[in-house]
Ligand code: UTP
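Take a look at this one chain, the form predicted alone, written out in structure tokens.
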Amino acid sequence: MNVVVSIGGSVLAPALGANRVEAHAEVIRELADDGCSVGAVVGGGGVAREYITTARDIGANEIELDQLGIGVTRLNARLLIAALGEAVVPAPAKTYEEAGEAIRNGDVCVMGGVAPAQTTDAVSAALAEYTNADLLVYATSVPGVFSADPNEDPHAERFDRLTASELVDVIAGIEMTAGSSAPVDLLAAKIIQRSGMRTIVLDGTEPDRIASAVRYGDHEGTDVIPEGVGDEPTYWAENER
């Protein structure tokens, strides 16, 4: 099984500390030991936003801000690599070709950002498409995809499952609302739609939730189901509790 796990920076390192990073690394190691080919993509989180805000205040342009954010994601990726030890490529991959080759060779590969104007949400979706992954998991700080930003709207509805087209429509509606935050950005949603990638969006603040979703399909997040396939995924069919 080939899986790509996208770990938000605010999930991996809301504040610098070894325990949370090590716990996420342990889940990735366990999945690899189970026989999964694993690619991980790490976001920048609050630290990246602080750097970007400060740089904007001193006059940096948007490309410079994007490059600064990419740098932070790669620092976070290096934290995860350090925690993974010997079972991982020793530096963040900077291209999909580099990451894909590592995964095909049986190594765990970790990425941060790749290019300006592209979030790590989109990098994760593109890596999953490039490597023909069986599953893409977004480990976010919210428990799935909602009809609106749950931090702004107490009546926001969480979706148990969506088609990829429905995901695009939902995310587009959230992103059109100034100041709102979606768990997956619009470019990522469109890549998921294009590729037909089965995707799970879940609360990854407890790393074991990622493992349960990959191994058994058990989670309390949102399943994104490609058009034209059955509702019941089979990527964990050979696993038993």
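Numbers follow the displayed sequence, beginning with 1. Remember, predicted model here, so these are calculated numbers, not experimental data.
Below, we turn to the form predicted in complex with the ligand, even though it does not appear here.
A.B. asks: In the predicted bound form, does every one of 136, 199 and 226 come within 4.5 Å of the ligand, counting any heavy atom?
C.D. replies: No: none of 136, 199 and 226 comes within 4.5 Å of the ligand in the predicted bound form.
A.B. asks: Look at the stretches 206-214, 26-34, 189-197, 48-56 and give the one with heavy atoms within 4.5 Å of the ligand in the predicted bound form.
C.D. replies: It is 48-56 that comes within 4.5 Å of the partner.
A.B. asks: Can you work out whether residue 115 and the ligand are in contact in the predicted bound form, taking contact to mean some heavy atom pair no more than 4.5 Å apart?
C.D. replies: Although the ligand is absent here, residue 115 would touch it in the predicted bound form, with heavy atoms inside 4.5 Å.
A.B. asks: Looking at the partner-bound form in the predicted bound form, is residue 73 within 4.5 Å of the ligand by any heavy atom?
C.D. replies: Yes, residue 73 lies within 4.5 Å of the ligand in the predicted bound form.
A.B. asks: Is residue 99 near the ligand? Define near as a heavy atom within 4.5 Å, in the predicted bound form.
C.D. replies: Residue 99: no contact with the ligand in the predicted bound form.
A.B. asks: Since only the chain is shown here, I'm wondering whether residue 125 would be in contact with the ligand in the predicted bound form (any heavy atom pair within 4.5 Å).
C.D. replies: Taking the distances in the predicted bound form, the answer for residue 125 is no, it never comes within 4.5 Å of the ligand.
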